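Shown below, as structure tokens, is a lone chain in the form predicted alone; questions about how it binds or moves come after it.
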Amino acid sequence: MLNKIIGIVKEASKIMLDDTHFHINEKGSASNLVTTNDVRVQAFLQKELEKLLPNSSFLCEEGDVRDTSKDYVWIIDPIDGTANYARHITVCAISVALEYKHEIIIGVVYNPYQNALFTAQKGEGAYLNGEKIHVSDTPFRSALLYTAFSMYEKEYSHSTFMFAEDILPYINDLRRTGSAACELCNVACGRGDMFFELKLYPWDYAAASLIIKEAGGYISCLDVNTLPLERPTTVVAANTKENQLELIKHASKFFK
């Protein structure tokens, strides 16, 4: 199944790389973009993944695709990091997760520009281009934190900047790259150590959440409960449990 999903995702990436009929539109605000290729990639993934599991449902970013009624649910972000993608910044990826009875069992995140294929199956480890990956053992004071500043709901941006200013003296540095899926996968393979972002949607983190866990890391809501797969939530991830709890302690000063 995983190999079949990888094949479909790689085929979908050809659409992502094709800018022949490429147009950019807004979804409600100038900050929230969608391209014609987001829509085309999602349609292709839905069509091909439906063939793998005919009795499955889909939870996707684009359009009104919000069916979680079946045991098997495909959770899809056709292009995570659309604002990057629309500007030809190559930090963006196709993200596909397969959920079975409210648990992610397969995750695939693929950035075709960087030839970075992150995969995981429940209980079988996490991989980058076929090589097994593991989170770092970096302590909090030396950690690199990926975060963001609530670009879609800017009423929260002041608190996110206050959080960033508060935590920076306690860690090594911050990064903001514009793709939650890519950033979470970077934590999974040791290219960073922690992640925090407000109000992510399931398609932003579903596939990468399994990759993080299978790489030995930790990911949850702000209250350390498991991540919901039906609604937006705050996502906290780290290489170690100690770092995750310390990150939550800092974030809880500003967010409930």
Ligand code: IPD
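Computed from a predicted structure; not experimentally measured. Position 1 is the first residue in the sequence shown; the rest follow in order.
Separately, the form predicted in complex with the ligand exists; it is not shown, and the next lines address it.
This chain is displayed alone, yet in the predicted complex one of 180, 167, 73, 133 has a heavy atom within 4.5 Å of the ligand; that residue is 180. Out of the listed residues 151, 116, 105, 89, 151 is the one that sits within 4.5 Å of the ligand in the predicted complex by at least one heavy atom. When contacts are defined as a non-hydrogen atom within 4.5 Å, none of 50, 101 and 122 contacts the ligand in the predicted complex. The ligand is not shown here, but in the predicted complex it comes within 4.5 Å of a heavy atom of residue 204.
Taking non-hydrogen atoms only, residue 200 approaches the ligand to within 4.5 angstroms in the predicted complex. Using a 4.5 angstroms threshold between heavy atoms, residue 82 counts as touching the ligand in the predicted complex. In the predicted complex, the ligand sits beyond 4.5 Å of every heavy atom of residue 214.
Partner proximity in the predicted complex, defined as non-hydrogen atoms within 4.5 angstroms of the ligand, places exactly one of 133-141, 108-116, 155-163, 172-180 at the interface: 172-180.
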